[in-house]
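Shown here is one chain on its own, the form predicted alone, set out as structure tokens.
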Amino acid sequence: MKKITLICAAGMSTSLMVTKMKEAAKKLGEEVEIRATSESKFKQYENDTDILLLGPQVGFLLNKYKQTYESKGMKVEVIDSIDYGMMNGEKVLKNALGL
């Protein structure tokens, strides 16, 4: 089972995206664990995350997270701003699983 963590500035705007992604995962038959957190609280999930998705509002942190975590096997990417704005959970999920 893949474990996906979404990060945004406060962890609130990504909560709706998590809901949409979970709905899409159920529809697609994908077994994933998805959660949202704020950037300041990510440390509690760093050892329990396979895929880290950054909300567009914290996309400037991409290089920092890639340098820190990709060498440990974690995939790190910024969520596409259009998909994020449209709350397209299925597309974000598929992109994440394709990393």
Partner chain sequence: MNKSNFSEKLQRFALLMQSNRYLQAISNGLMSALPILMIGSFAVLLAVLPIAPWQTFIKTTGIQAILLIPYNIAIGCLALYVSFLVSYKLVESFEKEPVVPALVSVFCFLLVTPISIFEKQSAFLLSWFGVQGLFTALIVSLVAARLYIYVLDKNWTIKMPAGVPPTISNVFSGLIPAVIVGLFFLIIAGVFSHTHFKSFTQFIYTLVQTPLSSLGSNFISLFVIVLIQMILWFFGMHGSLVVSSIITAVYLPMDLQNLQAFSTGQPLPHILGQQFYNLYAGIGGAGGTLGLVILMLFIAKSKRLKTLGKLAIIPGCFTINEPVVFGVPMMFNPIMAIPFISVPLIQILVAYIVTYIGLVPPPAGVQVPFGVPVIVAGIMQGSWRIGLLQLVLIVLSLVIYYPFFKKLDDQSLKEELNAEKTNQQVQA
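Numbering follows the first chain given and starts at 1. Here the structure is a predicted model, which is why all the values come from computation and not from measurement.
One more form of this protein, predicted in complex with the partner chain, exists but is not displayed; see below.
*Asks:* Please determine whether each residue of V18, T49 and E70 possesses a non-hydrogen atom within 4.5 angstroms of the partner chain in the model of the complex.
*Replies:* No, the whole trio is out of contact, none within 4.5 Å by any heavy atom.
*Asks:* Residue-level contact is defined here as any heavy atom of the residue lying within 4.5 Å of the partner chain in the model of the complex; does T37 satisfy this criterion?
*Replies:* T37 lies outside the contact set for the partner chain.
*Asks:* Quick check on V58: any heavy atom within 4.5 Å of the partner chain in the model of the complex?
*Replies:* Heavy-atom contact with the partner chain at 4.5 Å: present for V58.
*Asks:* Might K26 be said to contact the partner chain in the model of the complex, defining contact as any heavy atom within 4.5 Å?
*Replies:* No, K26 sits far enough from the partner chain in the model of the complex that none of its heavy atoms falls within 4.5 Å.
*Asks:* What residues of 76-95, in sequence order, lie within 4.5 Å of the partner chain in the model of the complex by heavy atom?
*Replies:* Residues within 4.5 Å: S81, I82, Y84, G85, M86, M87.
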